[in-house]
Ligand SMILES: C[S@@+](CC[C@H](N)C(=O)[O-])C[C@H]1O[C@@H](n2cnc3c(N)ncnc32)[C@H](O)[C@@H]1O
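The data below hold one chain only, encoded as structure tokens and taken in the form predicted on its own.
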């Protein structure tokens, strides 16, 4: 293979959604690292995620290390950071808890863009933890908790200004709807969430009840098929101002709410 155009044709034939962009990125990466571009293109044609091949994923102002064992952050999740920043805009030294942190994309972005915030990152996966620690290196305003979301942080009950989460939310019968890059390479613990895809969202909501101070904000991502069911879970837990939000493509993407005062 000699040209970017030839690589793009191969990726397009394999069903890659952005073949020309990916081909350019692979050629650039191969040149910078003295790698075999043919091997990289072949792996991408086999639907290995581009971010795994590059070793990183851009997210807002951060370049996050990613690879096998950790969920690759998506651009649509960047809107959750805006929601968190809006919620803490007028709060003095706010405390934010990011449940199911994964690579740390959301929580670290909040810590980066609001340096006065104290951010707790909670992740239970042994495989995701090294990636989270690597990405959090150098941040002085974050704490990492290798623990189940139901238990950590154990010193924040009633003190959090915001609880945010991008939890697993894919229903078990939706496996065939998921792209190969996600289904075959993102870790199952970050994807599957029971028969209706809401099992972990229910746990996040229940934990947020104890973590949030009165008036504190909840921000949770969900699938574009849960624009009604996810807000219903939040409402049933007693939260107020429950509002669902669209992503940049106009699809239901995340819900915000407030713990009653």
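Numbering follows the first chain given and starts at 1. The structure displayed is predicted, hence computed values, not measured ones.
There is another form of this protein, the form predicted in complex with this ligand, and it is not shown here; the text below is about that form.
Looking at this ligand in the predicted bound form, residues 122, 168 and 190 each place a heavy atom within 4.5 Å of it. Remark: residue 109 does not count among the residues lining this ligand in the predicted bound form, judged by a heavy atom distance of 4.5 Å or less.
In the predicted bound form, this ligand sits within 4.5 Å of a heavy atom of residue 148. Looking at residue 162, you'd find every heavy atom of it more than 4.5 angstroms from this ligand in the predicted bound form. Residue 202 falls outside the set of residues with a heavy atom inside 4.5 Å of this ligand in the predicted bound form.
The chain is drawn here without this ligand; in the predicted bound form, the stretch among 136-144, 86-94, 68-76, 111-119 whose residues come within 4.5 Å of it by any heavy atom is 68-76.
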